[in-house]
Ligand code: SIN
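Just the one chain here, the form predicted on its own, laid out as C-alpha cells.
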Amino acid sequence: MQVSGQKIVVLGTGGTIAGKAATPGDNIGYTAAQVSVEQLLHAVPGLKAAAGGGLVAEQIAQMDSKDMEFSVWSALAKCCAIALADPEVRGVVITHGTDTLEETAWFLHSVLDAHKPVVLTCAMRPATALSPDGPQNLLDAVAVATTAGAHGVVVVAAGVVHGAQRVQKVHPYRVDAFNSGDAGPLGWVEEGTVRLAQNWPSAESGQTQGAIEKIVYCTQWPRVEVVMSYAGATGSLVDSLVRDGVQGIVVAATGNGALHHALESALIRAQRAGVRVVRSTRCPEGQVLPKPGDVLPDSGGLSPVKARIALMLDLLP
C-alpha cells in the first residue's frame, strides 16, 4: 500500500478475522488465518481515509491464535519496536485471533516502550460470515491508533477499548467476547471517535530496551506452567513438573489465593527446590490480596496466563 506522512502500520497474524468458512452462514466451522492482512485492509471501505496518512501492511504470521508461539511474539515485538521508533509512524494495529489475544497484548505491554498506540484487534466471526465483525473492528482500531494523545498497548473489539493488563476473553461465541472485569474498559469507539473513561495505559519504558534484546536473541524460553487448585487437588502434577525441569509455576488458586492443602505443600516443596512459584486467582474479577506471612508470592493482580508471561520474562537470562 502507498505510504505517505504519518502512517499506520498494520501487522497481520491470522486468526478468525482472517478466517474462511465453506458457507456464509457458518460462524464456527471455519478455518482461521486464510485471508492476508492486505486483503483484509482492502475489503474495508473507508479504512484508508480513516488512517489519514496512509497504511502499510506486513504479514508477521498466518495462524490460529490457539497455536501462538514464542517465535511469533518475538517477531511482533521486534516489528513493533521498529515501527514505534519511526517518526513517520503514528501507530501500530495488529490483527490477531481471539483465543490468546489477551496474552499477546500483555506480552507486548511488558516489553515495548509504547509511547505511541499499539492496538490489537480481532473478530469472533470469519471474513466470510453474513455479518462479519472484523471490518468494523479494524475501522475502530485505526480510529484509536489515530486519536490524538493515544499511547500504550490496547485491545479494541465490539466498539470497546480495553487495557492490556485487565482484558480477558470471557465468552466463546458472542461478538462482544471481551471484558476488563471490575476495572472496566478504557473507553469506547463511537462513530469513529474515541470516548475515554480512563487514562491511556502507561508504557513500560524502564525495562523495554533490555527486554527486546533478550527476546530477539533468546533461543530457549524459560519453561513456566500453569496449574489450578480445585476440590480434591493433589500435588502429583507439581512434583512431576519439578522432576521434568520446570523453572516456574503459576497456580490459579481459589478465592483470595487459597490452595488445597496437598497442592500447597507440593508448591512449597517446588519453591524450596528452586522453582519460582506465583499465586493468582481463578476468579474472573478482583485480585489476590496478600497477607502477612504468605509463603507463596502473589501475582500482583495479573490473571494466571498473564502472570505466566511476567514470570517467563523475569526468568529470561
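The structure presented is a predicted model; accordingly, all values stated were derived computationally and were not measured. Residue positions are given as counts along the sequence shown, with the first one as 1.
What follows is about the form predicted in complex with this ligand, which we do not show.
Visitor: Would 102, 167 and 181 all count as contacting this ligand in the predicted bound form, using a 4.5 Å heavy atom cut-off?
Guide: Looking in the predicted bound form, the three residues 102, 167 and 181 all stay beyond 4.5 Å of this ligand (heavy atoms).
Visitor: With this ligand left out of view, choose which of 268, 56, 63, 44 has a non-hydrogen atom within 4.5 angstroms of it in the predicted bound form.
Guide: Filtering the options by heavy-atom distance leaves 63.
Visitor: Taking this ligand in the predicted bound form as the reference, which of 110, 98, 147, 229 has a non-hydrogen atom within 4.5 Å?
Guide: Of the candidates 110, 98, 147, 229, 98 is the one lying within 4.5 Å of this ligand in the predicted bound form.
Visitor: Can you check 152-160, 116-124, 85-93, 236-244 and let me know which stretch has heavy atoms within 4.5 Å of this ligand in the predicted bound form?
Guide: Of the stretches listed, the one contacting the partner is 116-124.
Visitor: Please tell me whether any heavy atom belonging to residue 16 falls inside 4.5 Å of a heavy atom of this ligand, as the geometry stands in the predicted bound form.
Guide: Yes, residue 16 lies within 4.5 Å of this ligand in the predicted bound form.
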